[in-house]
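Take a look at this one chain, the form predicted on its own, written out in structure tokens.
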């Protein structure tokens, strides 16, 4: 493993799963969690929302402790999406098919990170695929961030910009489909190779269309009133847009060597509220377009030659997915998966959401806070067996 080792915590906290706690430089033994039950006071009630309800795209249950309007505390039960994926003893190609389907909306992030860990384990020189992988990750980031902003508009009842953003999200998805022959990057990624016709990517119109919608939302006093000073959280244990919205310059695009970016400038805010997360995501949409346009002038469409030196080894990788740090650890023996572990950014984001939503918020603020973190429950409850 080039960049990680097992040991005591070293570096910032990346997240956890049922096996490991992951830090910036180490994989550590898991710290036991405190799952204390929230006690309600005599004048309070438990208000349950989910696991199946309007406004929820995934099965998740929220139990809110409230005296009637304010949110004093909240528990989040994501176990409805718990899945055991049979992957141990699979060969790499069979395993890749399953990794692609953990969360279709973030297939590029999961498969690229998984393959980077594989390449680390097998000592494969993957520098020739670096820029192509960045392009697909940034395309996924554009679509994902647009989807989060669309959710904020939906929560505010702003149906016109919501539909405009849905249309823009579909345009990005069709660009992905034309380029990689699948709307969600299925079968686009291989060891040290990305299968796609990059000549089909044209984003200049997307930049202008999004910028116009973004400015119109900034000019809406009603929209600004709903997201400013809403869901405030500032926590050193944070990741992705949520961290950068609180002033932390956390970004695997600059502090991880798994996928190498050239002179990326981090955009941050200080307030840590829903508005700040909206601003970070909006500016990252525009930044991602610029990153892709720059790289498109420098790459070709050829396939890289892959020299596999080993058939066994341990490897790790960490990249910046649209929601934050995603991490994979893999142990390979004779080209078979012997151990596999993934840490999703949704682990930290759901903890941040719980802190943010009970920070002087009321029930009608709930949806804005939830949407602003872009949490995917499907990435939280995965066991590889």
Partner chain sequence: MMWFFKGIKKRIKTENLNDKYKIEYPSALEGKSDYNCPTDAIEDQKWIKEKCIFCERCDLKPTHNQDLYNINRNIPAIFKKSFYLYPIDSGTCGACNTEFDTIFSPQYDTNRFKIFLSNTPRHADALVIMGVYTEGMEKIIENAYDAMPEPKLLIGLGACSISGGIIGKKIGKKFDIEILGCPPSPYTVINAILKARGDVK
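As the structure is a computational prediction, the values presented were derived from the model and not from experiment. Positions refer to the first chain, counted from 1.
Although it is not shown, the form predicted together with its partner chain is what the next lines describe.
Residues 102, 167 and 186 are all found to lie within 4.5 Å of its partner chain in the predicted complex, as judged by heavy atom distances. This chain is drawn without its partner chain; in the predicted complex, the residue among 237, 197, 260, 93 with a heavy atom within 4.5 Å of it is 93. Taking 156, 217, 201, 191 one by one, only a single residue has any non-hydrogen atom within 4.5 Å of its partner chain in the predicted complex, and it is 217. The partner is not drawn, yet in the predicted complex one stretch among 83-91, 265-273, 229-237, 248-256 has residues with heavy atoms inside 4.5 Å of its partner chain: 83-91. Contact annotation for residue 59: at least one heavy atom lies within 4.5 Å of its partner chain in the predicted complex.
The closest non-hydrogen atom of residue 376 lies within 4.5 Å of its partner chain in the predicted complex. Using a 4.5 angstroms threshold between heavy atoms, residue 296 stays clear of its partner chain in the predicted complex. In the predicted complex, its partner chain lies farther than 4.5 Å from every heavy atom of residue 29. Along 46-80, a non-hydrogen atom within 4.5 Å of its partner chain in the predicted complex is carried by 51, 52, 53, 54, 55, 57, 58, 59, 80, in order along the sequence.
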